[in-house]
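Here's a solo chain for you in C-alpha cells, the form predicted on its own.
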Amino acid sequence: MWFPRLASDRVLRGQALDAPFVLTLRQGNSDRLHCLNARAEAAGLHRGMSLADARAFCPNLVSRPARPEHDARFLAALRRWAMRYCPWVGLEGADGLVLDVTGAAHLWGGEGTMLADMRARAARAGLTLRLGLGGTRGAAWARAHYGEGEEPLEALPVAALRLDEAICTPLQRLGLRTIGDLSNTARAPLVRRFGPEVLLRLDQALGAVPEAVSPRSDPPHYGVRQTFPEPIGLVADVMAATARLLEALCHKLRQHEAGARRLMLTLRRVDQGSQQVELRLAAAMRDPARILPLFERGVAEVDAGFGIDQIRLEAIVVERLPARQHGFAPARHGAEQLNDLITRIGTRIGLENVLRFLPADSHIPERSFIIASAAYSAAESGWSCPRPRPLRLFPPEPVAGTGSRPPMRFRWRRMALETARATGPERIAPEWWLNDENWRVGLRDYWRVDTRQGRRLWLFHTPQNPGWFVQGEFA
C-alpha cells in the first residue's frame, strides 16, 4: 500500500481546496516542495522544486509548511487500520505499508475483492492509494510504484528494484532498462561494476533471497479489569478489588520499566452507569502498597447505586522508571514520602496548586527564584549565594533616613526601631538587559540591620536618588 500524497492528503482531508496545493520543507536556505496534490502536479510542479520557482510557474499556488512528525503519526494510524485485512502489517518507508496477506485473502473472497475494498475505503477517506500485489515484498513494491496491478516484473523499469538513481542511470545507459534485461545479463560483470546491491534487490524481487515483513509492535497497554458475578458496593470491597488490579498493573509496569503518573479507576454499575476516580501522582510509581491508600478518598465518594459489577484500572500517563538498587540509598525513602504527601494534598486542592520555589540564575533578589509545580519539577539542593538572603522578601517599603549608612533610628510599619548592628554594604547593579521598572533607578547598596527590638531587616540605599527602603526580613 503506497500513499504517494500522504502528507497533502492528510492536510486536505479536513478542508476541500480546489487549487494547487503543496507542502514545503526548509532545505538549506530555501523552501522546497515536499508533497503536492493532483492539481499542483498537473500544473507542472514536482517534488524538490524550490517554492520561489513554483510560484513563478503557478501564481495561485497554496502552500503550507510540512509536518513530518504529524505524517508519521498519521501513517501509524493507517497501519492500525490496515490490520483489518491481515495481522502482519509493517511500515514501508515514510509513505507506505507492507502487508503479508498469506492465508487472509480468502476471508475477503479473494485477493481481487480485498484490493477493491482497500481502494474504495481509501477513496472515501480522501486518500490517494496505489496497490501492488506480489509473491515477494520487492515485487509488491515494484508494482505499487511502477505499475499498479499484477504486471510482469520483467516489464517494469530497473528503478522498481528500489535502486538509487545513481545506479539506475548507468544501467539505462548500458541498455539495461527493465528488470527482464537485468535478469538476462551476466551477473559477475554487474557485481564488479555496481556492487552487490543490484543483484540483492533483483533476487529479493524474484524470491531467490527472502525478505521478511517486520510488523511494528503496538505500544503496551496498561489496563486491567475485573468483572464480578455479584454486584459489590462497600468501600472495603471496592478497595480490595482495586488492590488486586493494582498488583497486576504494577507487575506489567515493572516488566516494561515504567511508572504511572495518572491512573483512572472506572466503576461500572449494574444500571450501565459508570463513575471514575482519577489519581494524579506527584512522581512515577509502580508500588501497589504506596498507590492503594491514595485511592481511598476518591473511592469513598463514589455512589455505588444498586451495585458495581465491573472495575477497570488504567494507567493513562506512563513515564519511564528504570529499576534501581534498593538498600544502598536510604535517602530515597524521604523523597518517596514527600511525593506521597504531594499526591495526597493534590487530590484535595489540585496537583497543579502544590508549588515549590526553585533557584534562578539572577543576582536580583526578586528574580533569584521561580515558582514551579512540585509534581513536575525536581527539588534542587539550594541557592548558590555568596551572602545570606532574608527568609521573607516583599516589595521595597520606604523608611526615613539620610546618609550612606543605615539610620540609627527609623520607623517601619508604625514601629520605632533602633539599629544595634549593621553589616554591609552589598552593592547590586541592575540587569540592563531586562526592562524592570523597579530597578530603573540604578544601583542598590544592601545592609543587614539587627535592631534592638529584635527585628532583623534587609535595608538598601539608592545612591543616585538618596533614600532608604526595607525589602526583606531575616528569621
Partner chain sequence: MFYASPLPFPLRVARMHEVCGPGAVTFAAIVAAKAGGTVLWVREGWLPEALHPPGLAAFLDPARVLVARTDNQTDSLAVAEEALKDGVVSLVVIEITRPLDLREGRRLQLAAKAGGAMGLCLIPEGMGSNATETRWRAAPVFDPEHGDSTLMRWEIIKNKSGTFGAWHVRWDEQAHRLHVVSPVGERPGSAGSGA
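Predicted, not measured: the structure shown is a model, and the values here were computed from it. Here, rigid core means the biggest group of C-alpha atoms that superpose within 1.5 Å across both forms. Positions refer to the first chain, counted from 1.
From this point on, the text means the form predicted in complex with its partner chain, which you will not see here.
Judged against its partner chain in the predicted complex with a 4.5 angstroms heavy atom cut-off, the residues Pro390, Arg448 and Arg452 are in contact without exception. Between the options Arg344, Arg254, His106, Arg244, the residue in contact with its partner chain in the predicted complex by a heavy atom within 4.5 angstroms is Arg344.
Of the residues Asp287, Glu319, Asp117, Glu352, just one reaches its partner chain in the predicted complex with a heavy atom at 4.5 Å or closer; this is Glu352.
Within this chain, Glu380 lines the site of its partner chain in the predicted complex, having a heavy atom no more than 4.5 Å away.
Its partner chain is not shown here, but in the predicted complex it comes within 4.5 Å of a heavy atom of Pro395.
Residue contact check for Arg414: none of its heavy atoms lie within 4.5 Å of its partner chain in the predicted complex. The shortest heavy atom separation between Arg348 and its partner chain in the predicted complex is within 4.5 Å. Residues of just one listed stretch (256 to 264, 92 to 100, 369 to 377, 229 to 237) have heavy atoms within 4.5 Å of its partner chain in the predicted complex: 369 to 377.
Put the two forms on the same core and the Cα of Thr136 is off by less than 2 Å between this form and the one not shown. Relative to the superposed core, Thr423 undergoes a Cα shift of 2 Å or more between this form and the one not shown. Shown in the overlay between this form and the one not shown, fitted on the rigid core, is a CA shift at Arg290 of 2 Å or greater.
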